[in-house]
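Here you get one chain, nothing else, as structure tokens; it is the form predicted alone.
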Amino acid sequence: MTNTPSEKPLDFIRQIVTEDQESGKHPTPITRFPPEPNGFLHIGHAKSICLNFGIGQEYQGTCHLRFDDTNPSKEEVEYVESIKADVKWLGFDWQDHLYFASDYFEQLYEFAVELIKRGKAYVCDLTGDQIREFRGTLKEPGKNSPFRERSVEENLSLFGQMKDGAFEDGSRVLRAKIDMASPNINMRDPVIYRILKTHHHRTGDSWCIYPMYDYTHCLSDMLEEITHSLCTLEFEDHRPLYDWVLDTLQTPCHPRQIEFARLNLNYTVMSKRKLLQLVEEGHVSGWDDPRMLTISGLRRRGYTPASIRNFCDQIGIGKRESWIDMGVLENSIREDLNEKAARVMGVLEPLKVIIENYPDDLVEEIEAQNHPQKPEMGTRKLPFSKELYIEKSDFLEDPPKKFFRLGPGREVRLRYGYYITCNSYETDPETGQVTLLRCSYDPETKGGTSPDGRKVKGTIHWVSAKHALGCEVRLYDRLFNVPHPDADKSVDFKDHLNPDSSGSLTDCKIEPSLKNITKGTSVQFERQGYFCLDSVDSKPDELVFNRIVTLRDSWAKLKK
């Protein structure tokens, strides 16, 4: 694979992979996506998925899906299955390369024994607090553990007893023996095994000691012969430990760790711990709440795999941390659905219209385009009758000069229909709200044109009252109302939750062509935005639509 001037320039990781392939160092690159099964994946993980699996596809290599299941106290089978579903939904396939760190528990244990035999690991009895105290600071070196000079024989015996369950949780750990004065704190005798007497979702109660991530990760990469181990920048300071473990054990394969900038997206949080808080404390309905930027939440809301892949491609891969505006993600789904979504009529806040000079029993079929720029998407028939619904906001009793919709004595065009003029209106005597418009139509303007050449500036959407379907529409918006909700550590990030992030309209009216729409299908309600039939709560006789995104970026206007 070579880059040509007509192609998009390669990011720095693909440049490395290309050079390794062309030099023959790694003719077939092997990458991996290594999630922890302790929560649902979010949009930040999508960037890593697209990078790792994308390289596998582009370079005729492979990408492994490997679960880092080394902390059974926080892991669940539900998370494993959700992660597999998310990766598949995004359009990627690990084929027969599905692995778990727990597949390697026996080998990881034997590698730890080998480190002990080489004098490079020891059992330490310090408590967690004491280990942190002995570790030192960025300005001060650490202090050696009083257990650092135990003999190889004693360490082997104690580690074996740890494995056999002889000690209580937290009473002992196995530490790598490196350098307590290292300027890199990660190299100050890091813990590589701890005691945790917890049932594991795959290995059951076979193990009561579990390896730490930094130790497990590099050896799992090595065992799978990964060529390029791609991590986010927070692992850059961990790379010396990654290399130390493999170098010390003199493993036959030594993958190259390469770090890239993680996705930082405003108006959200990217911590699985904080997302779990939102779920467990009931601030959202679940991991798939359409306001959550989990992949399952985005899917339920109506985002498409292509829109997320395009978003990840657009933001690119770099070495420097930066912030991406939420509008970039929202625009990616607008662009995708603008090409794919059928146009339909949906009235969210209905106002009844009676066309007084229209025949009482007449029902016409008006032909409407499914997509005005894509004739290949065909047309549909819309019923037109004496009584219609339009949006409440399309009528004002005293409209300003530049309001080009309905008002007393004003004429507008009904989309695909006729010109109508408002003759009078009725209001609720208690609230003063307009409840009914009485209008007349020009029968010579069918299709939205006038034979006498007169023009109207306003075109509004509508549905036939007799034929309309009722539905609920959920108007989701951004979950947080500030760009960086977790930036100020002195304030609870949940204090920045947007109180208007979720609303519901229960008396909406939509055209009858949507009667048999399938769950997960996205459409554009003309003039309103893009909406998706909810995959969870919608029923054949109780349709529920989620607003995916408005037609324009209303937040950009607010910022201006």
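Note that residue numbering begins at 1 and tracks the sequence as displayed. Just so we're clear, the structure is a prediction, and the values are computed from it rather than from any experiment.
Another form, the form predicted in complex with the RNA, is not on view; read the next lines as being about it.
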query: Within 4.5 Å of the RNA in the predicted complex, all of Glu36, Tyr416 and Arg552 (non-hydrogen atom); finding: yes
query: In the predicted complex, the one of Ala166, Cys253, Val328, Leu156 near the RNA [non-hydrogen atom within 4.5 angstroms]; finding: Val328
query: Residue (of Ile258, Met377, Ile185, Ala85) lying close to the RNA in the predicted complex, criterion heavy atoms within 4.5 Å; finding: Ile185
query: Interface stretch in the predicted complex with the RNA - options 190-198, 280-288, 464-472, 112-120, non-hydrogen atom within 4.5 Å; finding: 190-198
query: Contact label in the predicted complex: Ser151 to the RNA, heavy atom within 4.5 Å; finding: no
query: In the predicted complex, Trp207 touching the RNA (heavy atom, 4.5 Å); finding: no
query: Close approach of Leu10 to the RNA in the predicted complex, 4.5 Å, heavy atom; finding: yes
query: The RNA contact at Glu78 in the predicted complex, heavy atom, 4.5 Å; finding: no
query: Residues of 376-413 having any heavy atom within 4.5 Å of the RNA in the predicted complex, listed in sequence order; finding: Lys402, Phe403, Phe404, Arg405, Arg413
